[in-house]
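The chain below stands alone, shown as C-alpha cells; this is the form predicted on its own.
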C-alpha cells in the first residue's frame, strides 16, 4: 500500500499544472460552498434569535385554536402547576404572559382600529428585547397602569403626541363593552408598517381590568437560553399540556407561530441546494476531465505494466489514490480558508448601510451580515465534495479495467 501511495504521489506531480488546476477547482468549490452556507446559516440564525427574543418567544403556550383564530375567549389561567414547571425547567430562561384583543383607540374625533396587547412590564424587561424598540418616551410602566405604548405610525395617524390622553374601547371577555382612558407614554418602532400602525401595548393588569379577564391570559411566550434546546424544552412543556387536555392547552414551537419566518428559512434551504448542485457539477466535471486526461496520456505506460503482469486492480487503485489525494488536499485548503473567513464575519458582522438598512428593518430583519463556523457546515461540504470525487472516478476506472496490454501499448 505504501508503494501504491508513493507511485500515486509521484504521478500527481508529473503534470503538476493540471493537478494544481484541478486542486484549485476543488478549493474554489469547497471555499464558496462553505462561505455561502456559513453566511446564510449565520445570518438566518441571528435574525431568528433576534425575532424570537424581540417579542414572540421561542415557544408559546396557548389555548387550542388561538393561533389561527385569536379571539379573546380563547383564554386560560396560569395556575401553580404551570408556574412551577416553567420556573424549574433548566432550559427555560423566562416567560411573559400576554392578553390579546382588538378594539378602537380614539383621540378627539379621530379613531382607529387597534390590536390590544397586555404585557407584564417586569417580565418583558427581563426576557424580551421589546423594551429596546421604544424610540421615544418610556416603556409600559409597572407602577402607572394608565401608560400605554403605541406604534410610530399609529401616533402619526392619530395626530397625537407623547403625553396625550386617548380612549380605548373593546368588547370584554364577558361580552360587555369596556372603555378606559390611557396616556401615551412611549412610542415603539418594529419596522413593520402594519404592526406599527395598529398595535398598542398596555400593562397586563390594565388589560385585565379593561377586558374583564379575571386573571386569564391568551398566550404565554416562553424564552430559552439556547435555540438548540428547543426540542427538549418543547417536549417538557408538551408533557405538561397533556395533563391539561381538558383545558385545551397546546404548546407551539416558534416555527408554528411565525409561519412566514419558517417559510423564509425553507426557501433559503431550497436556494442553497441549487447553488451547491451547480458548484458540485463544476468541480465534478473538473475532476473527471483531469483523471481522464491523466489516464489517457498514460495508456502506453499502463499497457506495458499489464504486459509485465500487473493486475488491473493495482492500476485502478493507483489512479484512485491519485484522485483521493487531489480531492483531500483541495478540501483541506478550501475548508481552511473558508473557516478563517467565516470566523471573521461571525465575530465581526458586516453592517449594511443606507437604503439597505431601511429595507432590512422594514422586512423585520437585522441590517447585518453574520457567518457561522458550525461544524456541520464544513463536514457536510467535505463529504459532498469527497463523494463527488469518488463518483466521477467510476467511468475512468471502468476504462482502465477494460484496457488490454496490446491496446495500451499501441495507443498514440
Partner chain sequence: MEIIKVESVTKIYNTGAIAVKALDSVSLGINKGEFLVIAGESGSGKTTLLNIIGTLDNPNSGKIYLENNDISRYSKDELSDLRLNKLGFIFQAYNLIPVLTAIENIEFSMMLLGIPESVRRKKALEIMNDLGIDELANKKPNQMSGGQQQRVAVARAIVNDPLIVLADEPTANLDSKTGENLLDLMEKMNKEKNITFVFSSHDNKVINRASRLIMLKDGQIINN
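Because the structure is predicted, anything quoted here is derived from the model rather than measured. Residue numbers count along the first chain shown, from 1.
The same protein has a further form, the form predicted together with the partner chain, not shown here; the description that follows concerns it.
For the marked spot (43, 189 and 261), a heavy atom within 4.5 Å of the partner chain in the predicted bound form is absent from each of the three residues.
At the 4.5 Å threshold, heavy atoms of residue 11 reach the partner chain in the predicted bound form. The shortest heavy atom separation between residue 401 and the partner chain in the predicted bound form is within 4.5 Å. In the predicted bound form, the partner chain sits within 4.5 Å of a heavy atom belonging to residue 301. Residue contact check for residue 85: none of its heavy atoms lie within 4.5 Å of the partner chain in the predicted bound form. Exactly one of the stretches 308-316, 86-94, 212-220, 229-237 approaches the partner chain in the predicted bound form with heavy atoms within 4.5 Å, and it is 308-316.
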